[in-house]
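As structure tokens, one chain now follows by itself in the form predicted on its own.
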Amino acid sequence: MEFRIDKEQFLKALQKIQGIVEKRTSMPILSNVLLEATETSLLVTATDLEVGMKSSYSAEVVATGKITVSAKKLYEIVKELPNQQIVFSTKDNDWVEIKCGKVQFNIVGLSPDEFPYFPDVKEESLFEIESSLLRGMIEKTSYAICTDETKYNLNGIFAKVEVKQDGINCLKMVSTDGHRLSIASGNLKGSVGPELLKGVILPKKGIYEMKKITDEEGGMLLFGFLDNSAVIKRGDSYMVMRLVDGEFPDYNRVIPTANNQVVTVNKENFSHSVRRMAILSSEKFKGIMLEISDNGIKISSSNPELGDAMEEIDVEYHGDPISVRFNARYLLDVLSVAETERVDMRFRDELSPSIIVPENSESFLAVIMPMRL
């Protein structure tokens, strides 16, 4: 096998799969990238058996064939090569030669026969989704994904389509780690598969790789399902991620319904204040106190080893005084993804879960458990 390819193009191809290849693995082949030269292009494939990606790139193919090499080492080599055309060829016993200008590398590869099977995706089974919609929904939910590996059914984002009364498909994405819950929603045009009507759990690693794809540029993506996997396709690249087996908890039961004490606050002012107060909160719990009364919030924190801090900000509030203690990081995570100038915080009492929503928006809702006073 032999092909010639532009350095920048090859580097971009290898960079794209670095997050997918398995770093610590009992199967060395999963640390490798599969390079396949066809008559007209170069196919680059990586997988860790949970998330996989396959992309096609234009290359001048001299001889067809395939080989696998260490994804990390190949990326490091290509990154340092001069900005010239790269000549990549295979030798006997799965050795690989890489030439670029006056530079030459010979590295050991592994037989492509050991590389895991990568499914062929039929485009007809996929539906269109706006890249910006998907990116926004991932941003609004990924911060609350559970990191406790034992709660495997919470180690991802639950995605489900609900059909509204007017027949429009509304996609909901939900994540929770037991202390907080985040729900993002957006309307989809066109039809969706039965999997989304039932609901699926997308894995954490797959979510982060999917977000990278949506970060690239605007426009539409293709999304769908194949066997027990979700598929996302953009241009000449497609990614497959194995769905998480398990039942996602009924999140509707967690959303409080009697939170009738509403505080409307400027998001920027509130964020800066919470950040300032968090400096003196204890490292472990990051607890800050909110004391809410007519048209004002007193935000404070104290730490026996460091001292205390307090700040007052103006808000819109007409109700009984209420004091609530929160983990500052949980508040900041929500505020950082709310897209409106002001947010509404809805309380019931000191110990009940609180709701935070962007003002006059139905596309995002967060629930945060308060800390015990």
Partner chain sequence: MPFADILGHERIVEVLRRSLRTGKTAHSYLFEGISGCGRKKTTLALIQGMFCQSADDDACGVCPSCRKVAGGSHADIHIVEPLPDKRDISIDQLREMQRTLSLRPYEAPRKACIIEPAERMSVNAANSLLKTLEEPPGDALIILLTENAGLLLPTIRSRCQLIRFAPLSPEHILTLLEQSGMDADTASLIAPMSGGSMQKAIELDNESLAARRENVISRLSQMNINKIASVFDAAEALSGNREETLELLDLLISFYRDALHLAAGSGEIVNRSARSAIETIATRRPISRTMELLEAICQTRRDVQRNANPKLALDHLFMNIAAET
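What we label the rigid core is the largest C-alpha set whose atoms superpose within 1.5 Å from one form to the other. Please read all numbers here as calculations on a predicted model, not as lab measurements. Residue numbers count along the first chain shown, from 1.
Another form, the form predicted together with the partner chain, is not on view; read the next lines as being about it.
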query: Interface segment, criterion being heavy atoms within 4.5 Å of the partner chain in the predicted bound form, picked from 116-124, 209-217, 263-271, 75-83; finding: 116-124
query: Contact residue in the predicted bound form, chosen from D250, D92, D245, D166 - any heavy atom within 4.5 Å of the partner chain; finding: D245
query: Heavy atom within 4.5 Å of the partner chain in the predicted bound form - residue from Q104, N228, N303, S293; finding: N228
query: Non-hydrogen atom contact E36 with the partner chain in the predicted bound form at 4.5 angstroms; finding: no
query: Interface membership of M27, the partner chain in the predicted bound form, 4.5 Å heavy atom rule; finding: yes
query: Partner contact for G156 in the predicted bound form: the partner chain, 4.5 angstroms, heavy atom; finding: no
query: Interface membership of E50, the partner chain in the predicted bound form, 4.5 Å heavy atom rule; finding: yes
query: In the predicted bound form, residues of 196-233 near the partner chain [heavy atom within 4.5 Å]; finding: V200, P203, N228
query: Is_shifted M345 between the shown form and the other one (CA, 2 Å cut-off, rigid core); finding: no
query: Shift of N327 between the shown form and the other one at or above 2 Å (CA, core fit); finding: no
query: Did E247 shift 2 Å or more between the shown form and the other one, C-alpha, core superposed; finding: no
